[in-house]
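Quick setup: one chain, the form predicted alone, written in C-alpha cells, and binding and motion questions come after.
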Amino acid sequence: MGAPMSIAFALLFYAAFLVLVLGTGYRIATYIRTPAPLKIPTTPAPTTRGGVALRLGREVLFFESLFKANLWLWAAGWLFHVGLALVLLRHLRYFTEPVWGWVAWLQPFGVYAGFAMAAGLAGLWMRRIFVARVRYISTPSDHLMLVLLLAIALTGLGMKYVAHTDIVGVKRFFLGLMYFDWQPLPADPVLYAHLVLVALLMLIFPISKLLHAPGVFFSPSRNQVDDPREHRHVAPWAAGLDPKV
C-alpha cells in the first residue's frame, strides 16, 4: 500500500482506536474508583440487586425515566440511539469475513436505521435551538457534537444513495488494518469525509459527554439498592474508619 492517503488513514485509525480504547478505559476506571458515600438511588427504587439490574436494563434499552419525563425528547433520543445501534451492527460486515449470518440479516434494517439516526439527531438539535430553556444551557460543544454525529450519518447515507463508493475496497482496507496487512483505500472524497468524521468522533469520545454511554452503569442514583434500613452503607474507602470519628 503506497498511496499517501491510504497510509494516512491507516495511521489515523490506529491512533483513533488507541485513544478510544485507552481513554474510555481510563475514564471507566475513574468511575469505578469514585466513592459513593451515601445511598442516593432515585426513588421509587428496587430493593434487590436483581431489581437494580432490571431497572438498568429498562433504562438502557427503553430510556424509561426519559419516557416518563418528556415524551418528545424520548422519541428523538430513542430514535437516534436505536438507529445508531443498528448502523454500528450493520458495519460489522466490514470487519468480518465471512460475514456472520445475523449481520447479513440486519443489512436492510441498518440502511433504514441510518435515516432514523439522522432524524433523531435533527430533532435533538432543533430542541437545543428552538426550546428557550434548553438553548440557554446549551454550550458550543453540545451543538458541535450533534453536528458531528449528523454529518457522519449524512455522509454515510450519501455514499449509499448519492455517490456510491467501492464497499469491497473499503472492507479490504479495514480487514487489512485488523491483520496488519495494509490495503489501498478507495479514492472517494465522500468516503474520506465520512472516515475523518468517524475518526474525530473516536478521538474525542473519551473527553466528551458521550461518555454517558458507559457512565450510566456507574450512576449511584441508578445502580444502588434502596435498602438503607436493612444494610448500613459504607463506602470502600471508609470501611476501616472509626464510625465515631
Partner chain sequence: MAAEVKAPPLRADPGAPQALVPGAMAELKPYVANDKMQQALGFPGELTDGWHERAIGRMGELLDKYRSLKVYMDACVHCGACADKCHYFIGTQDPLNMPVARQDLMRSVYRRYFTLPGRLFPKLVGARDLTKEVLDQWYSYYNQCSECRRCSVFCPYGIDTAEVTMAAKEIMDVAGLGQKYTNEILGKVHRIGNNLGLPGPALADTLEGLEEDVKEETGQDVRFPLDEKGAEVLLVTPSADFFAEPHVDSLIGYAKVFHAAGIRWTLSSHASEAGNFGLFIGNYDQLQKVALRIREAALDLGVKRIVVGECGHAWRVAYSYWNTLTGIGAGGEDPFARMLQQQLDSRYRQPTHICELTWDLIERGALTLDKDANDHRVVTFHDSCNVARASRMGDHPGGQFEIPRAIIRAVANKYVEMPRGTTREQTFCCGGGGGLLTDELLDLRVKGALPRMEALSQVASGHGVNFMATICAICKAQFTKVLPYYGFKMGMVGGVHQLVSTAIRLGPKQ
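Positions refer to the first chain, counted from 1. Owing to the predicted nature of the structure, the values given are computational and were not obtained by experimental measurement.
Beyond what is shown, the protein has a form predicted in complex with its partner chain; the following relates to that form.
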- Query: If contact means any heavy atom within 4.5 Å, which of 171-179, 133-141, 91-99, 115-123 contacts its partner chain in the predicted complex?
  - Reply: 133-141
- Query: Taking heavy atoms and a 4.5 Å cut-off, does residue 40 contact its partner chain in the predicted complex?
  - Reply: yes
- Heavy atom of residue 73 within 4.5 Å of its partner chain in the predicted complex: yes
- Message: Is residue 45 part of the interface with its partner chain in the predicted complex - any heavy atom within 4.5 Å?
- Response: yes
- Message: I'd like to check something about residue 188: if you look in the predicted complex, is any of its heavy atoms closer than or equal to 4.5 Å to a heavy atom of its partner chain?
- Response: no
- Item | Of 51, 215, 184, 57, the one that lies within 4.5 Å of its partner chain in the predicted complex (heavy atoms) | 215
- Query: Can you pick the one in 200, 61, 211, 193 that has a heavy atom within 4.5 Å of its partner chain in the predicted complex?
  - Reply: 211
- Item | Neighbours of its partner chain in the predicted complex among 50-87 [non-hydrogen atom within 4.5 angstroms] | 59, 65, 66, 68, 69, 73
